[in-house]
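Taking the form predicted on its own, here's one chain by itself in structure tokens.
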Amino acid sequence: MSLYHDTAFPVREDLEAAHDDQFDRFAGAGTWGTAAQRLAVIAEARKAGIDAGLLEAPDDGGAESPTGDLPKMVREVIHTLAATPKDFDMSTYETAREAGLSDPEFAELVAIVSFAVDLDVYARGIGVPLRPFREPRKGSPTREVPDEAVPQEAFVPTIPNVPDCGEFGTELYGGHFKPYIMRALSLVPDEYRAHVALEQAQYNPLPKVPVVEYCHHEGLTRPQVEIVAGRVSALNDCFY
């Protein structure tokens, strides 16, 4: 059964596949969190959205998951990012670091909350209940930090652009320049790759981003896509 089998709207196969892959990723161990920990974070993000009136709670409860014993600070970071992202700033990061969260842990936390909110808002937009979580799989986090990551101008260390990113970074970035909005998750390369997969399905294939006449969506022209994106960003007080 397809992920969005119950919607009245047509959903592109590549978009549905990208979302399905994300739900599958959530149920596995990441670089820094176990599957159970990652699902607890995502469930807390969903709860924050429901409590804030941004999402509708599922009638059957089947889309909920125990949030586990998450530290208070972690819950605060999750709620800020999921419900009031305009308040997510340097002080959020500094508070998390002072409470003991490492830079890679912070980056992975931000990544999976962002992806989870993305998928839940999409479900709301096409008029289907929040999708159920999947059973956590066994496995341990790799806890690998790329040697190429260094402090730059982002909150956390990032892998520099070419040619300063080394062989690993060149492969990760496909040999192309990447702005901070992309490189922000490069401290946890698997989450960077997940970001790219979602962006290419939902927005534009990355090589086509600077090609203004390219249109990835049949229903919207590129200028219309940018108007929608700009308006949403303005409503959310996005500093980008």
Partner chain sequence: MALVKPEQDTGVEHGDVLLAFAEAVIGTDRKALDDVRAELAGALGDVAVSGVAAVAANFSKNDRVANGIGIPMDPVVFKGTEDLRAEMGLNAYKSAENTFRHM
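No experiment lies behind these values; they were computed from the predicted model shown. Residue numbers count along the first chain shown, from 1.
One more form of this protein, predicted in complex with the partner chain, exists but is not displayed; see below.
- Within this chain, residue 56 lines the site of the partner chain in the predicted bound form, having a heavy atom no more than 4.5 Å away.
- Mapping the unseen interface onto this chain, residue 98 falls outside it, with no heavy atom inside 4.5 Å of the partner chain in the predicted bound form.
- Although the partner is absent from this view, residue 110 contacts the partner chain in the predicted bound form, with a non-hydrogen atom inside 4.5 angstroms.
- Although the partner is absent from this view, residue 73 stays clear of the partner chain in the predicted bound form, with no non-hydrogen atom inside 4.5 angstroms.
- A single residue from the set 162, 150, 126, 145 has any heavy atom within 4.5 angstroms of the partner chain in the predicted bound form; that residue is 126.
- Between the options 132, 139, 85, 166, the residue in contact with the partner chain in the predicted bound form by a heavy atom within 4.5 angstroms is 85.
- For the partner-free chain shown, 217, 218, 219, 220, 223, 224, 225, 227, 228, 229, 230, 231, 232, 233, 234, 235, 236 of 208-236 come within 4.5 angstroms of the partner chain in the predicted bound form, judged by any non-hydrogen atom.
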